[in-house]
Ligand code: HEC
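Single chain ahead, by itself, as structure tokens, in the form predicted on its own.
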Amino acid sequence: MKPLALLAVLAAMFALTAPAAPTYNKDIAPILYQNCAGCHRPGEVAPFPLLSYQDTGKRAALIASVTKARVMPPWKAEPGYGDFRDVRRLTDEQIALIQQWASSGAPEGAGPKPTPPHFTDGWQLGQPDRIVTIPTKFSVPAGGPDVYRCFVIPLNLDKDTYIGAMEFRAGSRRTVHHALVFADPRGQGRKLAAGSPDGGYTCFGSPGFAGGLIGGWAPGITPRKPVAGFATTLEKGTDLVVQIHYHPSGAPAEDQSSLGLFYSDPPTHGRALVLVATRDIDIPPGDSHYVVKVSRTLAADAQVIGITPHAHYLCKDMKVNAYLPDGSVKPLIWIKDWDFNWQGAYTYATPVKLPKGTRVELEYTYDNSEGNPHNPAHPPVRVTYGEQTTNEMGLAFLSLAFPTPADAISFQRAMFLAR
């Protein structure tokens, strides 16, 4: 056989045995639909949709770049430091597949087009049983200090009601820094808001009364799905008080945020919140490795079902560990590249059992140098603890489970007395 003919045969054989390049229809769409479409769809926080080949093909290089760098999808928890549900972190194989697809020209592929996932009215958990909003549109100024406003939402409940899940939707995403939702069974918020045209009142820190914290939201947080046996009880006549922290964005804005409530059966288990936090934060300008530590000790056996760490722009590394009485250590979460714009509420795949006497410690590291791209001050300035966005925080909410609601109440009482 002549050399050229032999080369032609070998080339044909190689073409038959070489793996076909991945295509959008067969390989890429399933990855994006599962991990990206929740945000990359109309009405959500992402700047563009990823629901079709027309949306995706022209952005192949960008998608390959941000997934390789693990900037997207925004899953911050390090693998091996807590086993969580609903992980959005891509596998190495998925990232390699996207790289190969982009480098081969981002082909659409033959065959049937994939069917995009179905979403209901923009709510990530599906259609709520009840939707409530803050009473009127609230005007946020273009500049000046951050604004804290508590809004009273009367529910007019004629019987005890059980909430299995709650989803907050910010009306003005560029100005809502975070929101906390409190149960107000005695109408104290109404008294504080009496005579106010917007149904709210100025508040800072707490809502101004000893109300139970039942939910919250910050940018990047995905609402938690209902967990069987767990529910929040809203007593007959309970109001909701929503505390919203607004950060002026440089242009006037109006906000009328809303809550989706998902009903449930009465709880068979108890749930409690533990806050591990410190106000001892005073970061000098230029300090690129400022560390804070704080801990709390559990007053009874408990199971951790979720964790929500929080800080502002200067934090770069956060760890939360559980130090058990027997000397062993259980890592609860580690975030190596904290990003204020992509916060998360993390639910464990299996509850983490912690015995009485366990010390839960957070260790957060802050970078107040010019080299921190998230630093809002140039040149850097001294930063202390505070509620303003340009201040700093270091805290973690732990959601704990107990065999009965009475056990949860007893635990919270013991933790309050210990504190």
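All residue numbers refer to positions in the sequence shown, first residue = 1. Think of the rigid core as the biggest set of C-alphas that the two forms share within 1.5 Å after superposition. In this text, all values refer to a predicted model and were calculated from it rather than measured experimentally.
The form predicted in complex with the named molecule exists for this protein as well; it is not shown, and the discussion that follows is about that form.
- Heavy atoms within 4.5 Å of the named molecule in the predicted bound form belong, among the stretches 349-357, 376-384, 362-370, 28-36, to residues of 28-36.
- Of the heavy atoms in Trp342, some are within 4.5 Å of the named molecule in the predicted bound form.
- In the predicted bound form, the named molecule lies farther than 4.5 Å from every heavy atom of Gly43.
- By the criterion of a heavy atom within 4.5 Å, Leu51 is excluded from the residues contacting the named molecule in the predicted bound form.
- At least one heavy atom of Leu90 is located within 4.5 Å of the named molecule in the predicted bound form.
- A heavy atom within 4.5 Å of the named molecule in the predicted bound form is found for one listed residue only; from Pro267, Gly82, Pro128, Pro219, this is Pro219.
- Distance criterion of 4.5 Å from any heavy atom to the named molecule in the predicted bound form singles out Pro74 from the list Pro107, Pro223, Gly306, Pro74.
- Residues of 48-70 lying near the named molecule in the predicted bound form, listed in sequence order, are Phe48, Leu50, Leu62, Ile63, Val66, Thr67, the criterion being any heavy atom within 4.5 Å.
- Superposition of the core reveals a Cα shift of 2 Å or more for Ser249 between this form and the one not shown.
- Core-superposed comparison between this form and the one not shown: the CA of Asp146 exceeds or equals a 2 Å shift.
- CA of Ser249 to CA of Leu62: closer by 3 Å or more in the predicted bound form than in the shown form.
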